[in-house]
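To begin, one chain is listed below as structure tokens, in the form predicted on its own.
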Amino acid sequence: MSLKRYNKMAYDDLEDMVFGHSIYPVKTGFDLEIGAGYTSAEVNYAPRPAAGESKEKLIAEYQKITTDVLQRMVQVGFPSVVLETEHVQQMTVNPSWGAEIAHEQKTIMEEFYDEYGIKCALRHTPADIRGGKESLDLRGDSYGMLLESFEEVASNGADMLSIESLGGKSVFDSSILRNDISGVLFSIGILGTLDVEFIWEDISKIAKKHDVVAAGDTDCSQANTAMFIAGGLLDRKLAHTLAVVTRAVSAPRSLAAYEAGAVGPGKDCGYENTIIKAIAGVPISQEGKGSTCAHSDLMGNLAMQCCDLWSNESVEYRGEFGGTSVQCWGETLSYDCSMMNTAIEAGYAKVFRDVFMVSDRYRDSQAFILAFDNAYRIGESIVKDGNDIYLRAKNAAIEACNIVDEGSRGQLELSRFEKASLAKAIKSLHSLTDEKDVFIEENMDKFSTMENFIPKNYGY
């Protein structure tokens, strides 16, 4: 398969970007359309630890989860929903487990669709089992097992395929702890991109073979790691400016999945998805305030601005006062979607989008760069050199810093610590070469002594 590089924006006018609409909608599952004029909740969940003791217990757990979500949707009168099953390790290393769970889930979903007409679809996200972060073996035996897992779930009920891939993770972890901008750019923009291209060519082939959707990837293992370390407004473990750079560079990295055949919806924890939607026109899932069951962030409303699916990230299956956890969070997400869909029908979608965006726009630099107008600017910087995976990543980082710098002269408040970090990041980025091969060679040399950096993982 040849890669499809993006050299222009899918949206000619950034004002056309809005929730519930994408240029290339996806139809999947039971009569569900994503990005075709309405939003749907995407409920994400995790089984209780004890359920992982056996295949039988896991199957029973996912049967309960699936039934609970669909019962609540029908009970309260919501017309559509997506279920995302992020694999626990056992489901991927034992591909038949994932297959049987997908089959059981899809059987239940079909029953609810037939009886109540609820539009629904099932996303499966196998775990990236290609080694721990201490020793990533991205193209070894575990990769074959991972592909087998994709084959099994695709042929047994999953409508959409996703993954949170780990390419570049070992170099990133070292770089982020040392505030090494060059290393961050290398780990995500080069190594991450090469791994995403590699794995998504295979995932896309599997999806095509089984007539299911190759959905999308996310830079959870790197950009979200930086976001979590950076923390909130009281934290100083990591400059938010460095988290901004990391997020910007994650966009061309996650974009590589679409260049290798993915069509969306992008996965929920990819906060970079607004940039990707601007470039590729694909539908996206997003998480924000509904993900507080899993983590905090600084853009809980802003993340809704251009979403097509609205997710809760993940919640452990358990009892709450209002029902089970998946019922409570699924209902909360669906009420948000009902509000967005009403705004679309009433002709106020862009007003609501702007309210979502402005409510968090100046909360933090990480939110500021992902406001849809700024996300569009970062997208433009990427497609300017769309054929060069290094320059487009470097461009994205520089543009993100420029956006924060401009914002700091207006309503975006930066502490002295953040201003100093921003100045350092800008200086570091502008000191880098414009030559991809030179940059790669320099970083290959720099990380050659790192025990858990394996160049063959990336084709070197």
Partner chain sequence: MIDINPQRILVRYNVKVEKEMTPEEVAEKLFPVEENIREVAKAIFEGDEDEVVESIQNAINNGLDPLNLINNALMVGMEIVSTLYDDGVLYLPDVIISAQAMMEGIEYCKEHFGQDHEYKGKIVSYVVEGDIHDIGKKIVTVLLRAKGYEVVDLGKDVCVEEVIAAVKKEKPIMLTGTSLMTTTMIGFKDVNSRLLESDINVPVVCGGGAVTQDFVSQYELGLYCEEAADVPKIADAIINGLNISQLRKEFHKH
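These numbers were taken from a predicted model, which means no experiment stands behind them. Positions refer to the first chain, counted from 1.
FYI, the form predicted in complex with the partner chain isn't displayed, but the following is about it.
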| query | Of Leu177, Ala346, Met339, Val76, which residue is found within 4.5 angstroms of the partner chain in the model of the complex when only non-hydrogen atoms are counted? | reply | Leu177
| note | The one residue among Glu111, Asp141, Asp235, Glu320 placing a heavy atom within 4.5 Å of the partner chain in the model of the complex is Asp235
| At the 4.5 Å heavy atom threshold, is Tyr376 in contact with the partner chain in the model of the complex? | no
| query | Is there a non-hydrogen atom of Glu441 within 4.5 angstroms of a non-hydrogen atom of the partner chain in the model of the complex? | reply | no
| Does Ser359 reach the partner chain in the model of the complex if we count a contact as any heavy atom within 4.5 Å? | yes
| query | Given that the partner is absent here, does Gly131 sit within 4.5 Å of the partner chain in the model of the complex, heavy atoms only? | reply | yes
| Candidate stretches 26-34, 60-68, 388-396, 417-425 - the one whose heavy atoms come within 4.5 Å of the partner chain in the model of the complex | 417-425
| Within 4.5 Å of the partner chain in the model of the complex: residues from 40-69 (heavy atom criterion) | Pro49
